[in-house]
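Shown next as structure tokens: one chain only, the form predicted alone.
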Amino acid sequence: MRSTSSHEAVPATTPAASLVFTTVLSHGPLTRTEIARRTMLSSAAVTKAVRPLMEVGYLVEDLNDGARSALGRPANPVRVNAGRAFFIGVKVTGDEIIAVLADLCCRIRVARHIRLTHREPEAVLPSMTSLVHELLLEAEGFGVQVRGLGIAVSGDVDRADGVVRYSPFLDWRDVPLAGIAETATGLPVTVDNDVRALTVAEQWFGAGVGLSDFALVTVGAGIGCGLVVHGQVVSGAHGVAGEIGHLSIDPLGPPCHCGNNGCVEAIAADPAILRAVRKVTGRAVTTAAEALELARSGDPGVREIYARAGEAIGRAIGAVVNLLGPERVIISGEGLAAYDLFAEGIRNAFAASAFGTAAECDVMTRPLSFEEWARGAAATAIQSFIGSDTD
């Protein structure tokens, strides 16, 4: 976690306090008894964690006419005071910057978009800084201070050092993004891979709430995967984990930008599909919408391209389920627009690949807008703020 000591942090200075806060954040309102049951902490430890968080207003008690537990303790539920602090989340794509102002419960209050004409850091960073300052002014209108900035970028991102080591869609290498953004905005900054950031949001506020083990697979411009194992988002020993897009499932397949052949991303990502469609049809197809129109009009060659893409995704999901045994796999990303064309290939390949009872894994789709990816960046800022990024 990167932050500067001059900024206030939530007083979750112990693992127990951080655990209590994140439990209430995801599952609240909860009584102290329910918190103890979910966290497996003693009642005394819960009380010790809750009291200072209430004193500074991050947790509040929902009064319930003096209700008492069986042991005579107050049974009023405790919840997070969402308006106590705001956070800014930024998602940088190859074409635009999306920024959101979110409250402490990661609900989006304001969203801003700006198109990018150039992808060099020298062009992107001033635009990003301008959006952040706009949202800081919005926060002033709410009378709430912004406590952190989260930035989500595709590719190999070192969260601990705040460095974008390599982002293929932006063509960035070794950009010290957190340090630059901290200097420009005056905020504590968390920089993470965009799929991991979205996974944090799903773990705390979305389809992963309450699950100890799940995977988030994203399809679209790339093929990504966020992993949660034993309640922790996996970042890997070297900051790279879950890169199912670079599983080589066909050594004789098309070349991938990573240097290998037949990667899932080289078969099923939007750019790969467009290349294949152009080759099969001879048409100058430049957008996913054009390719979808051809497929849905019944072009057999284009439909076969999508079927093959679905098969590649299904085999990749089968590999994840066989290796980690998650309770659920969530499929999301802008590529879900083609899910009707992918679905059968995904189902069949997953069923063929999954071993034994691994096939019982719940595989679901969850359409999410790019604003939700920016919300994921805000979630990482909240995570850093409350001191729970301990993986």
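Please read all numbers here as calculations on a predicted model, not as lab measurements. Residue numbers run from 1 along the displayed sequence.
Not pictured, yet referred to below: the form predicted in complex with another copy of the chain.
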{"property": "Candidate from Leu131, Ala184, Leu116, Leu247 lying within 4.5 Å of another copy of the chain in the predicted complex - any heavy atom", "result": "Leu247"}
{"property": "Listed residue that, although another copy of the chain is not shown, lies within 4.5 Å of it in the predicted complex (heavy atoms), from Cys361, Ile330, Leu59, Val46", "result": "Cys361"}
{"property": "Proximity of Asp103 to another copy of the chain in the predicted complex, heavy atoms at 4.5 Å", "result": "no"}
{"property": "Another copy of the chain contact at Leu227 in the predicted complex, heavy atom, 4.5 Å", "result": "yes"}
{"property": "Pro326 within 4.5 Å of another copy of the chain in the predicted complex, heavy atoms", "result": "yes"}
{"property": "Distance check, Val110 to another copy of the chain in the predicted complex, heavy atom within 4.5 Å", "result": "no"}
{"property": "One stretch from 230-238, 278-286, 194-202, 174-182 that, in the predicted complex, holds residues within 4.5 Å of another copy of the chain by heavy atom", "result": "230-238"}
{"property": "Partner contacts for 332-359, taking another copy of the chain in the predicted complex and a 4.5 Å heavy atom cut-off", "result": "Ala352, Ser353, Phe355, Thr357, Ala358"}
